[in-house]
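Single chain ahead, written as structure tokens, the form predicted alone.
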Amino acid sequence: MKLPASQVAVLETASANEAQTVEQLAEATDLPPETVTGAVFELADAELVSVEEATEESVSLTDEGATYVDGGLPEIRLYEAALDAGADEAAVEMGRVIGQSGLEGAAVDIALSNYARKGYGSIENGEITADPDADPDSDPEAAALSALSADESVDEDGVLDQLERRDLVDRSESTVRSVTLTGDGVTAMMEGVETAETVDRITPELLTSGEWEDVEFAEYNVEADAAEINGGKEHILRQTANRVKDTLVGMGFEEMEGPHADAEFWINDCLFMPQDHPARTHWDQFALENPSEIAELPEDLVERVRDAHLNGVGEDGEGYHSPWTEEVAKGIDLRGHTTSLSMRYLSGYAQGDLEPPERFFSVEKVYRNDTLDPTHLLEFFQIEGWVMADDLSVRDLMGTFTEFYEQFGITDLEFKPHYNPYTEPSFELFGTHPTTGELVEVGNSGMFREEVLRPLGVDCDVMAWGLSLERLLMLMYGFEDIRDVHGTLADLELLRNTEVIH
């Protein structure tokens, strides 16, 4: 029997008594794994070897996970510092405990988000308590990290799932093929197998020399596995964003554009948010260091906004009676909402004065210092929109949402009254998740207050909203975790196979 050299090498190396993986055969024959794989499938078709396939999972520590093996999980460090501060006997000021723990930056948020989840204690009103009966030495996540660091296996899938969500481990699956000689393969080896002088590809040299006419070509197995090549594809989130844009344009809206990093004046002050509002701290916003402030702001608008904050608007208006400085207003942050674009357009600063009726929208990224979970990200897409016209009402706003969401097959919207510093009346929107049946908040909306509109020079009604593109996607396709489609934990197969229906 004559066979190509790669098949002969595999036959001579394979065993009838002990299965060997493709990787082991490749190492023993000094052939590339892909060459061995092709030879194995050819031999299997000839029933000279048998092939068994199994899925094997590998788990490895990320750089962050490896750091915690030596330094300890942030929540455990926070618990130990809380014990040292006496938080097991009485509540202690949280800032003091954080300082004693040595935690900084993102590690503080990580510790706070996992502290109560693991039952180490409670955090409330800026104070922290510690459960004296908690046992950090038996923390399953810490134990799993230590085991993986020592190349030991971890059998608890729930713990590995949690570590993967925290980006502390990487999990991957691979197909392992094991090869064994069959009876026919043993017989063929006993009768003798010779190497056939075959060629597996046409080269320029064969063509120019004419030798291709005299050589024997190896058979091509069209059923053998080939390397999977995935071409580029528009992300499902971008597909949905484009569909949203088409829908809003079809409803008569124009698109807004503007900077991702903007002055707090446009992001917050124009929205009548007091400068001492908790949402304007570094806990919720990302501030820029260079440049740290905007070069210029329209002086007359700054004065009107300042007056609204300090004294209110109209005869019966009430301001906040809290400090307001232009220095704070000039500070540059990554926008926490795209309403900063609305302020630029409504004020006439973006493209000149507008006359009602007008409709504008944007579908752009915003940035917030949130804790990552199935429905929250640090950066996400917001569907911003507003309509300026005379005699608008909440009924107009609700009707707009009904028409918009019907375009995406969502007909069960629910509305809940809400408070915003910049709209009155205000309400949140909810939709029913198609898989879990739970209500999911999909947006916030309302009628802009006089304290917002009057300084901008707008003397008609304006209804406005900010909706979540990612949560719209969740309601459309039943995703339960937003990180399946966005971020480092994204499900690549899901992204490759899901298409947005237009």
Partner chain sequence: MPVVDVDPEELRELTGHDEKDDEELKTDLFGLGLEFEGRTEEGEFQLEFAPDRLDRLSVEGIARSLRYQYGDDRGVYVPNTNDAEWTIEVDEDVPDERPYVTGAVIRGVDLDEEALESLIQLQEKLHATMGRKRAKGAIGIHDLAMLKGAPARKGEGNSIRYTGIEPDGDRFVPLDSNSEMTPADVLTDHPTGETYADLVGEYERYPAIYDDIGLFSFPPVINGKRTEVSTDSRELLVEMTGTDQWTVDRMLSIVCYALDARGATVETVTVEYPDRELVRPDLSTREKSVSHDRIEGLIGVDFDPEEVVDLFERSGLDAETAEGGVGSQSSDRRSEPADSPVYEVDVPSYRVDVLHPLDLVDDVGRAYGFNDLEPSYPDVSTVGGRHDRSQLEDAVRDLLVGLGFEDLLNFHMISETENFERMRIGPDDDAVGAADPATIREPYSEDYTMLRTWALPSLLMVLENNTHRSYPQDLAEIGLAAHVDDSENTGVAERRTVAGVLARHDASYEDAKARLQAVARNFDVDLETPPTDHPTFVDGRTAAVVIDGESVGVIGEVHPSVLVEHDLELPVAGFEFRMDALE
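Positions refer to the first chain, counted from 1. What you see is a predicted model, and the numbers here were worked out from it, not measured in a lab.
Unshown form predicted together with the partner chain; subsequent notes refer to it.
Is Gly352 one of the residues lying within 4.5 Å of the partner chain in the predicted bound form, judged by heavy atom distances?
-> Answer no; every heavy atom of Gly352 is more than 4.5 Å from the partner chain in the predicted bound form.
Proximity of Leu160 to the partner chain in the predicted bound form, heavy atoms at 4.5 Å = So Leu160 does not count as contacting the partner chain.
Contact test in the predicted bound form: Glu75 vs the partner chain, heavy atoms, 4.5 Å = Outside the cut-off, so no.
The partner chain contact in the predicted bound form: Lys233, any heavy atom under 4.5 Å = Lys233: contacts the partner chain in the predicted bound form.
Have a look at 22 to 30, 454 to 462, 48 to 56, 35 to 43 and name the one stretch with heavy atoms inside 4.5 Å of the partner chain in the predicted bound form.
-> Going by heavy atoms within 4.5 Å, the stretch is 454 to 462.
Taking 4.5 Å between heavy atoms as the contact cutoff, choose which of Phe272, Tyr405, Tyr115, Phe265 touches the partner chain in the predicted bound form.
-> Looking at Phe272, Tyr405, Tyr115, Phe265 one by one, just Phe272 meets the 4.5 Å heavy-atom criterion.
With the partner chain left out of view, choose which of Asp151, Glu213, Glu191, Asp316 has a non-hydrogen atom within 4.5 angstroms of it in the predicted bound form.
-> Selected option: Asp316.
Even though the partner chain is not shown here, does it sit in the predicted bound form so that Ala111, Asp135 and Arg171 each have a heavy atom within 4.5 Å?
-> No: none of Ala111, Asp135 and Arg171 comes within 4.5 Å of the partner chain in the predicted bound form.
Would you give me the residues of 330 to 369 that have any heavy atom within 4.5 Å of the partner chain in the predicted bound form, in order from first to last?
-> Residues within 4.5 Å: Ile332, Leu334, Arg344, Tyr345, Glu355, Pro356, Pro357, Glu358, Arg359, Phe361, Glu364, Lys365, Tyr367, Asn369.
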